[in-house]
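Below, in structure tokens: the form predicted on its own, a single chain.
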């Protein structure tokens, strides 16, 4: 892990859990028959957090008016390239849309076009990052099923982040992206007034980058982002290393079980216990595989997503250090900063709780497997006496 200490702002609010609520989880009135207190099981704590999270999701669902799904990836091969098309389904109750449901197909380049247009139109707002165009070293191969699914989820999150934004969700380019059957004519259109204005603001921002006279709040933002980036990068790297080591452990387990089966064929009285051990190892292997899959598909994508966010935001805060010259840019970034922090904390809290749930489930299942093995190996006292009498 990183050698830096966790900043107070990050450690105190990352999970956004109230201390009194935390204490209440551990202080439920439970007791054993002798009157001694009995600690709550991890599952009961998980369930409580799960219920709280479900309530939050229900409240958010009641206020949403655009629902977007990215699914059904299909490979397309032409004479010059191979690419993936994704189906984008949209349901909305907004009056500015001519219909309440839309179905279009988009490729990765279309998502890049949308993000670039949002950046041009809103140079002082925080635009959620897209997944990288190329696969990171050590990750899955391009166009493999794992890669396509990981990218699909990231594109799905990207569009939903925009749909939840109070300003970006009303952008005309976003509407076109969701509704136009053919996007090519819109992509060929020349830059409009808002786009040119965005480029102008960005040019001014670049010209004053590095000015020493900056509002203190921007300095605090930059310090927070430096610490945040350090921590999220460290957690991301350690998580990747944990997944790599668990995969190696899983490979060993898969070789472990057949060894016991082969050994059982050479033994008499030990044959059944050895077969039982082999069965236990095999079942634990399956649970380990599920846990690795969960880490790879749930926790790691969110961590990597916010690694990209941290890098993007550091540049954003640096560029918008001209806030003393452009007051509107100052206010826009400050408002969007709060929106981003709330979204980030919700996302990471959800990912951490989901990972905690999966860890509890994994260890409980493995524990149950080995407890059953121990029970199966216990010989009843009466049975032992009967066997001694027969002998």
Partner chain sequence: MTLCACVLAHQTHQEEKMSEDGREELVGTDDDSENMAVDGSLNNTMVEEGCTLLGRMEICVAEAEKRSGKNAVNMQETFTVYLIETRPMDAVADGRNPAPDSLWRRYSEFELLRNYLIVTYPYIVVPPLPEKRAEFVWHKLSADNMDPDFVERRRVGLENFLLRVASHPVLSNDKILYHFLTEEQGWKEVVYETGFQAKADSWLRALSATFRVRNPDKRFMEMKQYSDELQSHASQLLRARAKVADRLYGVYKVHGNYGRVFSEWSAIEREMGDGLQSAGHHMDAYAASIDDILEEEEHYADQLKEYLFYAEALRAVCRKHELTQFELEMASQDLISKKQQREELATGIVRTFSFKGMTNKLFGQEAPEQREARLKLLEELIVEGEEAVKEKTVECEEHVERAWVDMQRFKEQKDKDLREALINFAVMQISMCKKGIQVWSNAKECFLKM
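Numbering follows the first chain given and starts at 1. Because the structure is a prediction, the values reported are computed rather than measured.
Although not depicted, the form predicted together with the partner chain is the subject of the following passage.
- Scanning 179, 227, 160, 171 against the partner chain in the model of the complex with a 4.5 Å heavy atom cut-off leaves one residue, 227.
- When you look in the model of the complex, the only residue of 122, 97, 256, 102 with a non-hydrogen atom within 4.5 Å of the partner chain is 256.
- Not one of 148, 221 and 298 comes within 4.5 Å of the partner chain in the model of the complex, counting any heavy atom.
- Here the chain stands by itself, but in the model of the complex one stretch of 107-115, 125-133, 88-96, 247-255, 247-255, has heavy atoms within 4.5 Å of the partner chain.
- Within this chain, residue 144 is remote from the site of the partner chain in the model of the complex, having no heavy atom within 4.5 Å.
- Contact between residue 311 and the partner chain in the model of the complex is not found at the 4.5 Å heavy atom cutoff.
- In the model of the complex, residue 349 approaches the partner chain with a heavy atom inside 4.5 Å.
- Put simply, residue 304 is far from the partner chain in the model of the complex: not one heavy atom of it is within 4.5 Å.
- With contact defined as any non-hydrogen atom lying within 4.5 angstroms of the partner chain in the model of the complex, the contacting residues in 343-363 are 344, 345, 348, 349, 352, 353, 356, 357, 359, 360, 363, given in sequence order.
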